[in-house]
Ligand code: 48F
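Shown here is one chain on its own, the form predicted on its own, set out as structure tokens.
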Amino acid sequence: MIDEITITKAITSKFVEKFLDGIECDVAIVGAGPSGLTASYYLAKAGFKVSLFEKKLSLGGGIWGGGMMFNKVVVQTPALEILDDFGITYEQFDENHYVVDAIELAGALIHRAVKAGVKVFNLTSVEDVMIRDGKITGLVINWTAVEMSGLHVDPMTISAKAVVDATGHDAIVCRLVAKKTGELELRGEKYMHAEAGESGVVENTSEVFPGLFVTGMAVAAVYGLPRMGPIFGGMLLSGKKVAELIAKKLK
């Protein structure tokens, strides 16, 4: 027999259980696009407790639409190892460009991250950060619906040993830190130049403020790098690199 109240109790109790476990984590990642999902997977696989916050309903960032709604994306040769780790198929186009189905890429990144133990909280916005002794120690969060509605509803907090800004072009967490501390400068994302953007994003993936790391297109926004369009190898490589940087620091 199916009972509606039992369904409500099951959803509520299990979500609260996940939420209470997720509010104290090793790494809080903001933004569930390609770099955020990749970072969360490798960190969880390395044994870290990871909470991933996404303001939208769906995860995957800009992957789903491919290039101009043609749901295929491109990755370059150095990123193939990551595709293999996730079990994602790809087709060679030439000696350095490989084509991936955008739907498979997004689905596989999400699936493998969750299976690795990442706790995902979608429809959750970050509206501030917590700083103690000059270091980020956590995030201030609220429901995205509250933000969209302009309701006066106080947020709540989560703690983390490291925070990752993987919010793409907006670099939301970095902008908050820049505004609140005056100790971080965002140079702004530049024009389209795929080769320079891809290499620059990976090279500049780093800790930009004590406890705050930047990955993916948020790197371009902080360091003033070009954008690159529907080529995603740099996003994946940046996500793996930031996971390695955090793992080294926390261990």
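When you see a residue number, it is the position in the sequence shown, counting from 1. Values in this document were obtained by computation on a predicted structure and should not be read as measured data.
Quick note: we don't show the form predicted together with this ligand, though the next part is all about it.
In the predicted bound form, this ligand lies farther than 4.5 Å from every heavy atom of V242. When this ligand is considered in the predicted bound form, V126 lines it closely, a heavy atom lying within 4.5 Å. The closest heavy atom approach of I172 to this ligand in the predicted bound form falls within 4.5 Å. Though the partner is left out of this view, A166 does reach within 4.5 Å of this ligand in the predicted bound form, counting heavy atoms only. By the 4.5 Å heavy atom rule, the three marked residues K56, I63 and M217 all count as contacting this ligand in the predicted bound form. This chain is displayed alone, yet in the predicted bound form one of L225, V202, V27, A32 has a heavy atom within 4.5 Å of this ligand; that residue is A32. The stretch from 97-105, 118-126, 84-92, 149-157 that comes within 4.5 Å of this ligand in the predicted bound form, counting heavy atoms only, is 118-126. Residues are counted as partner-facing when one of their heavy atoms sits within 4.5 Å of this ligand in the predicted bound form; in 94-122 not one qualifies.
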